[in-house]
Every structure is written in C-alpha cells, then in structure tokens.
Ligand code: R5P
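Starting off, we have a lone chain in the form predicted alone, written out as structure tokens.
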Amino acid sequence: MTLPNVPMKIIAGNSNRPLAEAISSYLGIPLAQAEIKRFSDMEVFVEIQENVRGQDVFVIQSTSYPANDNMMELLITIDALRRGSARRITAVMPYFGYARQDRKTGGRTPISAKLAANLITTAGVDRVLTMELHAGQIQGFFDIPVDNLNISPVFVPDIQQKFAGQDLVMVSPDVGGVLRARALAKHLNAELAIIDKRREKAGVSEVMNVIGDVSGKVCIMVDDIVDSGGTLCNAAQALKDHGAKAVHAYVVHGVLSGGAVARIAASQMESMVITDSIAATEAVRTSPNIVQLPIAPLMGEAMRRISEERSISELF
C-alpha cells in the first residue's frame, strides 16, 4: 500500500508509556490524544480523541505484564482506529508476549502465538512491527506483513565501547539462540560458544556442557528473553567452571518475573544489559548490575521508514 504524503499518527497504549514518549520525541511527532481506561469491572474502553480518517497510524503496545490486559488494549485500540477510517494501522509491539508458545510442547497444548497473531490480524491491523521474536518463523503466523527488527544496531556499539580490546566470546545459552549469538559474533569479530542444557520442566534448566573455548576469556551471553533468570544464572556458573575470565549478559526483553532480579544479582554475571522494550520495574531500576539500553531510535527510524515506504533492512 502506497501512502504518499499521508499524515503519521502515534497512539500510545499503557504497557510502556516512557518508550512511546521516547519514540515520539525521536520522530518529533506528538502522541495523539487518546483515552484508554477501565470500567469498574476492568473492561477496557478506548476513545481516539483526534481525527484519524485516511491517516497512517502506529499503535505502540508491548504485550508484557499484565499480558492479557495489554493485549486487549491493543485489540480494542486497533478496532477503534479501523472504525475511525484510518488508512493504515501498524501495531508496534517491541515485545510480543505470547511468542514463547510457538509450537505444541505436548499433547493437547496450544500454539498461543498463532492465536495471538490471529486476534491481532482479525482486529484490523495492516502491519506489525516488532523486535527479536522468540522464533523467526512466528512471522509466518501472521497473514500480513511483519517487520522483525534485529537488535544488532543497539547491542553492537555498546559492546564495542565497553569491551574494546578484550578477548570476547559470544555465548548462546541454548541451541535455539545460536543464530542470534553468531550474528553478533560476526559483527564483533568474536568467537562463539554454546551452552548445551537439558530442560526438565518449564522454568527449570540444567546446564550439561559448554561447547567452545571460554577459558580466560570474557563471555557475553546473548538471549532474546530473560524471565526467571534461571537459565542464564546456570549458564554463567558453567562458564566460570570452564575457566571464563568474566561473564556478562545482553538480553533483548527483560521480563524478569518473581525473584529474577535478586537471582541475577547473586549470580556469576557481572552485569546484564536489557532494552526498554518492557517498562522497567522498581527492582530493575535500582538493581546494581542491570542496565537498560534505549530502543526508541531504532523503533522510531523503522516507523519512519514504514510510513515513507523505504527499506528497513538498510538499518542492519
């Protein structure tokens, strides 16, 4: 769809208002006036208080905690925009919360990522912009265009600045993340290592082996999501047991539920870097070894390119 000279509007949901404001500031476009509230029974109500007829509208909403509330906010906002005759609606989801349920893990279990994709598409969105999906093939769950941004433009400069001149090894904490770790290793001209682990049940992991040479080197673990932190903490211990000089982590989406922040603080990791795709809790903000990197420039530039019908892949 070509939208020549169509005004661009940005709507912010409640999941991550600071990120939406940072993107708005980067683009120099004020957030559109919208009321997103709850009735007494927690039913979601949305009213767009500006004209959106014929315009190119971007709705910024991660489906992070509380995931179901934020998902309903997104769906109802999309419906309000569609009924307001927006020309094109793009769901900007820095964190797609149901992405981990991307396959059947046993008998009679759902593929919730596909269901979530169906709901978003049916609500009336024309395009999805997200970042570092848990599995790239989730793009195929949508029957509309999906732009899945790579984190390299955010992580690579930070790693180069902090670890210049050091002998680095990029580490994937599991086999599923090898492509992500390998891509960063290529950018940084670093070596690659892999943690081989066996997961006995959800939320519990057992590290079995370290594939690659980490002795005397600075190890940087790379992952898309950190939730309980158990996998990364166990992996950090395994790397230290194999002679790693130091262990750090770079993770895109910091879910950090339960006691994850305290667990990470007590682990062998000297630092963990996450992005602000999910709004930081008080525990994250005050943690001595967790740092957030801003993604507003990357997300904002991608939104500008979508609106102007320009290539996004050139960013990488």
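This one's a predicted model, so the numbers in the text were calculated from it and none came from an experiment. Numbers for residues come from their place in the sequence shown, where the first is 1.
FYI, the form predicted in complex with this ligand isn't displayed, but the following is about it.
This ligand is not shown here, and in the model of the complex it never comes within 4.5 Å of any heavy atom of H242. Although the partner is absent here, H134 sits close enough that one of its heavy atoms falls within 4.5 Å of this ligand in the model of the complex. At the 4.5 Å threshold, heavy atoms of G124 stay clear of this ligand in the model of the complex, well away from it.
Contact annotation for D224: at least one heavy atom lies within 4.5 Å of this ligand in the model of the complex. Taking S228, N150, Q101, Q139 one by one, only a single residue has any non-hydrogen atom within 4.5 Å of this ligand in the model of the complex, and it is S228. Looking at 73 to 81, 229 to 237, 111 to 119, 139 to 147, the stretch with residues near this ligand in the model of the complex, meaning non-hydrogen atoms within 4.5 angstroms, turns out to be 229 to 237. Residue D174 is the only member of 150 to 174 with a non-hydrogen atom no more than 4.5 angstroms from this ligand in the model of the complex.
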